[in-house]
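In the block that follows, a single chain appears as structure tokens, in the form predicted on its own.
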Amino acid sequence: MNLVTVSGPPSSGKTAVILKTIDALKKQNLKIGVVKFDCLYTDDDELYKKAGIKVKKGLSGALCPDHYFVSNIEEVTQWGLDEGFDILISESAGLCNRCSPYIKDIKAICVIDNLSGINTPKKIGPMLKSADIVIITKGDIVSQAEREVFAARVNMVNPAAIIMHINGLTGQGSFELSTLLYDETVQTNSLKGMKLRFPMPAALCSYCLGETRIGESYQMGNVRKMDFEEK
């Protein structure tokens, strides 16, 4: 089984891209499953079910969705192996810009959209910078010049990535992505002992543990203060 991790900011078009790409993968007679991670709510699993795709959904609730992903991905992978999938696609929640759900030697895809702002590639962090493939969506809403400038900004922060433009509504570009996802020489039988590409955010502070009171005397653990003397 090939495991693929897909991440990206909220509403960037991750689910739409995955659905269109799966349509192309099915023409190769591949068996595909999806696991959808999110924070508080998602009905994307219903979209996958409607398309005839086996899916599992996990909601992190009060836990950081990236920590939740890492805590569950081994069991999710075993589910995919038990189901006999050729490809298991893991779709992340819209993570904070400090997080990344990517695993070393597992294909990593970041989905980002043209409407998010010209400086967004500089703000996203490891979710974009350590991806193997960067998908840019919503290109039909902006001009050709804007698409090229945005793609250039993406290339500046991740020059090693393959950059692709995909239309989540029409599916244009999804076939090209599908040709990059499955490699029959690669088999993921277990994630035990494998490593994340980027470490989790530093923790724990008192607010991580449930503190609600404001004040320096209540701030314990990992605390970082702004330097107000900087000019």
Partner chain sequence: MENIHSFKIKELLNKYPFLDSFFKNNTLKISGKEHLTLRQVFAEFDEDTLEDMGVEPQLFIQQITEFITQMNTFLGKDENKVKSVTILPGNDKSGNIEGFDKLVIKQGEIISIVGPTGSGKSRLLADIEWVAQEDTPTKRKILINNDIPDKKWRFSSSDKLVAQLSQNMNFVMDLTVYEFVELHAESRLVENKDNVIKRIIEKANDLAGESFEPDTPITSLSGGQSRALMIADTAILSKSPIILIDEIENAGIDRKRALSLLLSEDKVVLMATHDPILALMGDRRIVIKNGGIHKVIETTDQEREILSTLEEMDRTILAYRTKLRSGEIITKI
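Positions refer to the first chain, counted from 1. The structure presented is a predicted model; accordingly, all values stated were derived computationally and were not measured.
There is another form of the same protein, the form predicted in complex with the partner chain; it is not shown, and what comes next is about it.
- Of the residues given (179, 190, 29, 187), 179 alone sits with a heavy atom within 4.5 Å of the partner chain in the predicted bound form.
- When contacts are judged by a 4.5 Å heavy atom cut-off, residue 155 counts as touching the partner chain in the predicted bound form.
- In the predicted bound form, none of the heavy atoms of residue 56 sits within 4.5 Å of a heavy atom of the partner chain.
- In the predicted bound form, at least one heavy atom of residue 140 sits within 4.5 Å of a heavy atom of the partner chain.
- Contact annotation: residue 148 falls within 4.5 Å of the partner chain in the predicted bound form, judged by heavy atom distances.
- In short, of 191-199, 31-39, 62-70, 45-53 it is 191-199 that has heavy atoms within 4.5 Å of the partner chain in the predicted bound form.
- Along 157-187, a non-hydrogen atom within 4.5 Å of the partner chain in the predicted bound form is carried by 157, 158, 159, 160, 162, 163, 164, 165, 172, 175, 176, 179, 180, in order along the sequence.
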